[in-house]
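Alright, two takes on the same chain below, each alone as structure tokens: structure 1 and structure 2.
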Structure 1
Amino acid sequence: MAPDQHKTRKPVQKRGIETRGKILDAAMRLFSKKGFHSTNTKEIAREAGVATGSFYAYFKDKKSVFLEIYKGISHKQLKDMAGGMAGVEGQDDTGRVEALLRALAGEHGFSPNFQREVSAMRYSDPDVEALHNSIHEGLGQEVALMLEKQKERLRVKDLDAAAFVILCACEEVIHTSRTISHRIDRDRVISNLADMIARFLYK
């Protein structure tokens, strides 16, 4: 009995698996539309077309659904990222960086509204923070690995730190330029970001 499974039901029948999925989908939709705190478990159950009790049969509480959704999204995104980076080799420096940015932007493009909630909860809930940090670290290693492959073309030496800095910069730029109603348009921001990173990385 894993400690994070508590007393939740582990579906063995096909119907149970479907129900669990319906709840996850519904929660994802509502968290994205209304935010975590403004969504209650009864709503999630209704949206999923199941009874309140079924929610608690499959999940310990509201937060555990949130974390599970986040985990699921992250897995998909790490794979996407890896895929996106594969195509980076064999281009010039700027192309490489832009591809990287696209891959990273894809991360949030997946489900921007849910990511927004993650950002909120990351600062107010220790569990979400821990999960976010571990995912962030995973991304950082992915980027560091990619840098490693083109080491001889780089001017930076401390690849881990460089990866971390790049990642942070991208995250915040993408987040902020998404939410802000901006007089500075997105293209100018992205091209400056790409320029900054390229100058930083390459000889």
Structure 2
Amino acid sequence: MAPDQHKTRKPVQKRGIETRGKILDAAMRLFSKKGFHSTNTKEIAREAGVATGSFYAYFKDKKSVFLEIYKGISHKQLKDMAGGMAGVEGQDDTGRVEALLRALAGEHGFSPNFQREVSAMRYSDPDVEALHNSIHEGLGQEVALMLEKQKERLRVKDLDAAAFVILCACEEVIHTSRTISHRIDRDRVISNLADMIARFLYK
């Protein structure tokens, strides 16, 4: 049976969960170092310290691993965003927005090199593009809900559009600050972006 005909399984026992995690971690390192197209499944299995057959027990191919890593990062991002926004009461407008931006930026999210791969794959692979759009939509809904709770204080009226603008600004600025060498540190970038968005949002 060819590798792409294997039915993958979701592990429930500790050993299987650990093996699957090793494969994801190894793939993340290799995709970040070599890029998606220069990495193959045998290399991922070898880097993870597992047999190639074990790789195919959990993943159909290298793209399914890539998508799973990206999906996992987005789930972490949503959790970080919810946690980051939970403690913003009592902060000023800029501080509130900065908490949101730091959660969106994800302190433990992408490595810069993996983020470059995602950006490149978005324009060449419809599955990656579809997942990116789904993630963006989910984050946008969460931001819009956050804005709804503060609507009496907001200058903007179209909250869905405002959420979209915030996400696009954050995505572009944070992505650029992470992937392009420059002399301005990330904290300064986020603080200035927060100030700009606060002026856009609040009365």
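By convention here, residues take numbers in order along the sequence of structure 1, the first being 1. Rigid core here is just the name for the largest C-alpha set that superposes within 1.5 Å across the two forms. Because the structure is a prediction, the values reported are computed rather than measured.
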Exercise. Look at both copies of the chain and name the one that is the form predicted on its own.
Key: 2
Quiz item: By how many angstrom is the Cα of residue 189 displaced between the two structures when the rigid core is overlaid?
Solution: 3.8
